[in-house]
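First, one chain by itself in structure tokens, the form predicted on its own.
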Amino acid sequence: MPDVILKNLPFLLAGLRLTVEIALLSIVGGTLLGLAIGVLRYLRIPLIARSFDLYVVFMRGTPLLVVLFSCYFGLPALFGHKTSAYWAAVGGFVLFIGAYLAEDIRAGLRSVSPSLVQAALATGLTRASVLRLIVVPIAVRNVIPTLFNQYVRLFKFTSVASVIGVNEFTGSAMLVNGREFAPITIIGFVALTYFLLCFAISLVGRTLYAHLAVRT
């Protein structure tokens, strides 16, 4: 490993830890948000479904950087409550990725065969039980590859958190480069690290899908 990396390794690893932490919190929060919105849109409750339709369309048409600026500068100004750059970044990533996951999960819910739902209802289960015990589990298993593609995208998106002052991995690497000026070595190290971690996330997704996919 190059000297410039070894010399700054503790600092870079601290930034990488922050990146992983933000990504994990955003994945959990975004998945829960996406699942809730996906189910509510699937149920087509008139006003609620329409409201979340607009939310999904708005988020999907808004740059991530604008969402982060809104969470860090806009919302505190609106509600008079200052938040840290770290939590603004997590909140922005959850809101942003939640919209994409909601659309993916809704597609998964709609992929469940209506005849399967009718058969479950015929056994005496309530609609809520059919949704919770049959439709949602099958839908989530069907969209595992799509969900993990979004997780990989999210992991790479975390690199923009440095623009609001979060010293995540890329931001830390740029600080090191500003001090040491070894752009090829440092950027190469950053790219290789992102590649390995994104590959690991994809591998987890493929493994889960291989074991949990619904076979028809």
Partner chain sequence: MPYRFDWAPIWANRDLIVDGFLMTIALSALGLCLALIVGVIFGTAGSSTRRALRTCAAAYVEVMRNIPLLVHMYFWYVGLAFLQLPPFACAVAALTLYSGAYVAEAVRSGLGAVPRGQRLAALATGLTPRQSLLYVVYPQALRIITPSLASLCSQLIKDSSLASVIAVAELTYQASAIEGQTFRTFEVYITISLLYLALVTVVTYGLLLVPVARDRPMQGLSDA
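Positions refer to the first chain, counted from 1. Keep in mind the model is a prediction, meaning the values are calculated, not measured.
Although it is not shown, the form predicted together with the partner chain is what the next lines describe.
- Looking at 109 to 117, 138 to 146, 125 to 133, 73 to 81, the stretch with residues near the partner chain in the model of the complex, meaning non-hydrogen atoms within 4.5 angstroms, turns out to be 73 to 81.
- Residue contact with the partner chain in the model of the complex: residue 184 places a heavy atom within 4.5 Å of it.
- Residue 86 falls outside the set of residues with a heavy atom inside 4.5 Å of the partner chain in the model of the complex.
- Within 4.5 Å of any heavy atom of the partner chain in the model of the complex lies no heavy atom of residue 51.
- Residue contact check for residue 195: one or more of its heavy atoms lie within 4.5 Å of the partner chain in the model of the complex.
- Site residues 63, 152 and 162 are all in contact with the partner chain in the model of the complex, judged by any heavy atom within 4.5 Å.
- For the options 33, 40, 174, 27, the one in contact with the partner chain in the model of the complex, meaning a heavy atom within 4.5 Å, is 174.
- Contacts to the partner chain in the model of the complex (heavy atom within 4.5 Å) from stretch 93 to 114: 100 only.
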